[in-house]
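We begin with a single chain expressed as C-alpha cells, specifically the form predicted on its own.
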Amino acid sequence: MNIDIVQIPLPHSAEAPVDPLYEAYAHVSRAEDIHFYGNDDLVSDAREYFIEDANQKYQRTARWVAFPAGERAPERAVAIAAIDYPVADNTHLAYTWIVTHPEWRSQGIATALLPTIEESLRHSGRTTIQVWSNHSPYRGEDGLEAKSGVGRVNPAEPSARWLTALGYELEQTERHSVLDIPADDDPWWRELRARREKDAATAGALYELVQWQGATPPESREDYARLRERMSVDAPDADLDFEEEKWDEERIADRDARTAEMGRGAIMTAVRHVPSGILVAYSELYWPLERPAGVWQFDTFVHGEHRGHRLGALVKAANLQLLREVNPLSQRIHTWNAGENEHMLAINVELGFAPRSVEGGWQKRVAPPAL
C-alpha cells in the first residue's frame, strides 16, 4: 500500500489553533483503544495531544501520521507513530511506538513507517529505546516470559513477533486491572469504609490523611516532588534502563497546569507523618472531564522508611471514597502494576480489581552514533 508519512509540526503555543493532524492522530489512537479495550476510557483527544506537545520543557515528542497516498482527511489516517524524548532526566532514553488502525492492518504499513522512526532515533543520540505494548492475557506454556521472571505474552501475537524480530527484549510485564465501581447501595462501600478504619488504626496517630482536588497546594509541592523522585526508582522496573527522575516544585506546578488545560479531573490522597510534618505516601486518580466514566489510577507510593503500616491500602481506600464524592459518574478505574509488585497487587485484589490485559515493557540498547 502506498502511504504518505506526515510529521505533526510542534505547536508554537498552547493558545494556537489545533492542527488537523492531531485530529488524525487521535482518530487512529481512539480506534486502537476501542478495538483492544472495548471502550474509550483511556483515549486522548486531539486537543489533549496538542497541549501535551505545546510544552517541551520536560519531554520532547515527535509524532507522525500515515495516510493513503494523496489523502489528508483525519478520518482517513491509517497509522500513527511517536517518540518521546525525556529532557530533564533520562536523556539516554527514548520511548517509541507505532500503531496501525485496526481496519488497515496486515498491509505493511507499520513496516513502511519504521525507517522514519529509526532515522529520527539515530539523530537523537539516545542509546536505550523502550516500547510498551498491549497484549491479551496468556497462560500457554510456550509463552514468551519477561526477563523479570514474572509474566508472559503470546509470542504469536503480531506485536510480540515484530518487536522480537527488531531485536527488542521483553524486560517486564505489567498487569492491567479494572475495578468496576459498585452502585452506591452496594455493601462494598461499607466494607471499604470498615477497611479504611481498620487501616487507619494500624497506621496509628503518627500518620494523618491529607486530600485535595485539582492542583497540588503550594505547601505540598516540595514533599510531592520528593516522593515522585523516589517513586521513579523504587517501583519495580526489572532491568529497564531507567534513572531517577528530577522533580521540583516548578515541575509539579507545570504538570498540574497541563492537567487542567487538557480538561482532566484529578484527586489526591496523601499521608503526612505527624512528627516530621512531611508527606510519606500518596495515591492519585485522573479522568477526562468530558468522559468521567473511565478513571485512571496512576501512582500509589509509600516511602520505604514508612512501609509496614498499611499506608498504601489506606490512601487507596480513602481516594476511592473521595472519587465517589467528586466524580459520581465514574464507573471504572484502570490501574497498572508490575507483575513482581506483589504487595500492591494484593491490595488491588482486596479492593476488587480484576485483571483485564497485560502491558509489555520491551527494550533495546543501541550504540551511540559515530561522530
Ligand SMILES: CC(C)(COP(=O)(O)OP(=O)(O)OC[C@H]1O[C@@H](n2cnc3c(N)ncnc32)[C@H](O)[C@@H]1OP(=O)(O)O)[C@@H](O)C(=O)NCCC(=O)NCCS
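Start at 1 and count along the sequence shown; that's the residue number. Everything numeric in this text was worked out from a predicted model, so none of it was measured.
The discussion below concerns the form predicted in complex with this ligand, not included here.
From the list 108 to 116, 178 to 186, 201 to 209, 285 to 293, the contact stretch for this ligand in the predicted bound form under a 4.5 Å heavy atom rule is 108 to 116. Annotated contacts: 300, 336 and 344 are all free of this ligand in the predicted bound form [non-hydrogen atom within 4.5 angstroms]. The listed set 162, 224, 138, 242 contains one residue whose heavy atoms approach this ligand in the predicted bound form to within 4.5 Å, identified as 162. In summary, among the residues 99, 121, 150, 93, the only one with a non-hydrogen atom within 4.5 Å of this ligand in the predicted bound form is 99.
Using a 4.5 Å cutoff between non-hydrogen atoms, residue 128 does not count as a contact of this ligand in the predicted bound form. Residue contact check for residue 133: one or more of its heavy atoms lie within 4.5 Å of this ligand in the predicted bound form. In the predicted bound form, none of the heavy atoms of residue 214 sits within 4.5 Å of a heavy atom of this ligand.
Taking the partner from elsewhere, residue 156 is found to have a heavy atom lying within 4.5 Å of this ligand in the predicted bound form.
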